[in-house]
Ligand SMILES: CC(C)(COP(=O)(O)OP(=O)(O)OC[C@H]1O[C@@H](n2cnc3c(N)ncnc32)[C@H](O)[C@@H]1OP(=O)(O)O)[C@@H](O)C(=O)NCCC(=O)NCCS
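Take a look at this one chain, the form predicted alone, written out in structure tokens.
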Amino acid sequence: MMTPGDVHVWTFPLMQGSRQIRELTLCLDPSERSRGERFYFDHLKRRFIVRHAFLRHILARYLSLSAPDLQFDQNAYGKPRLSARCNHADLRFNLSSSGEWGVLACMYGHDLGVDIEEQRLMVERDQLVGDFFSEQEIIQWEKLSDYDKDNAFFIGWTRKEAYIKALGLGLSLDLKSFSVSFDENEDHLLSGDNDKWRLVPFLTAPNYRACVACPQQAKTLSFFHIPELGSNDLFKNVQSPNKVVVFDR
């Protein structure tokens, strides 16, 4: 059960068998099915179906609705949200996926953001830092060893992505206009709205980095994991919660 002030983060696998894909497709609306069909590669189509079906099932559970009954629209910058017609509880969410994993963050009454990235060799790593990181971040970056930079890049990138997704401003926000820390123990912005947000890193699986941007109104942060689909019950095998963070007020 989620109460006001709670943040719930769900992680789930995008790789599902053909039977599960058929079952999950049933809850999608015609526009989602059409978007899924546009993918040329089958594995991308299957991941799209799983991502959106899990989103529907998880959100519907909080709203005591059926997954197909949910309706979505978006803000002026394209950030998806639940339509007011079905969102009586003012449930907010943000969704992200990378590689084989999806993550979903939920909270009542306040926007939030989440990002996940599969850690991999980035030949353009230093170029991306120069193009998208702030001067304050680059000063931190240049003090790191080459070995530490591989990990620090994904810590910083997921924090920046989670923050801009929480704000819901899309590409209109300059990534250089705020600064984050590469220190995993630091959960605040170094510059920007640093008194309004907490940036909490977490791990979903080996070689993955993720971060959730929580508003200061958050009291607790709980992590839930769906390792596999249960027979006729998406939540049968939920591991809940495998971690709870209580924020100092």
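These figures come from a predicted structure and were not determined experimentally. The first residue of the shown sequence is 1; numbering continues from there.
Keep in mind that the form predicted together with the named molecule is missing from the display, and what follows is about it.
Asker: Considering non-hydrogen atoms and a 4.5 Å limit, which listed residue (Phe182, Phe202, Phe48, Trp197) is close to the named molecule in the model of the complex?
Answerer: Looking at the other structure, the residue within range turns out to be Phe48.
Asker: May I ask you to state whether Tyr147 is within 4.5 Å of the named molecule in the model of the complex, using heavy atom distances?
Answerer: No - in the model of the complex, heavy atoms of Tyr147 and the named molecule never come within 4.5 Å of each other.
Asker: Should Lys176 be classed as touching the named molecule in the model of the complex when contacts are defined as heavy atoms within 4.5 Å?
Answerer: The answer is no: Lys176 has no heavy atom within 4.5 Å of the named molecule.
Asker: Find out whether any non-hydrogen atom of Trp157 is located within 4.5 angstroms of the named molecule in the model of the complex, and reply yes or no.
Answerer: So Trp157 counts as contacting the named molecule.
Asker: Using the partner position in the model of the complex, report whether Leu95 sits within 4.5 Å of the named molecule, counting heavy atoms only.
Answerer: Heavy-atom contact with the named molecule at 4.5 Å: present for Leu95.
Asker: Would all three of His110, Pro215 and Phe223 be in contact with the named molecule in the model of the complex, where contact means some heavy atom lies within 4.5 Å?
Answerer: Verified in the model of the complex; spot residues all out of contact, no.
Asker: Using a 4.5 Å heavy atom cutoff, which residues in 57-79 contact the named molecule in the model of the complex? It's fine if the answer is none.
Answerer: If the 4.5 Å heavy-atom criterion is applied to the named molecule in the model of the complex, 57-79 yields Tyr77, Gly78, Lys79.
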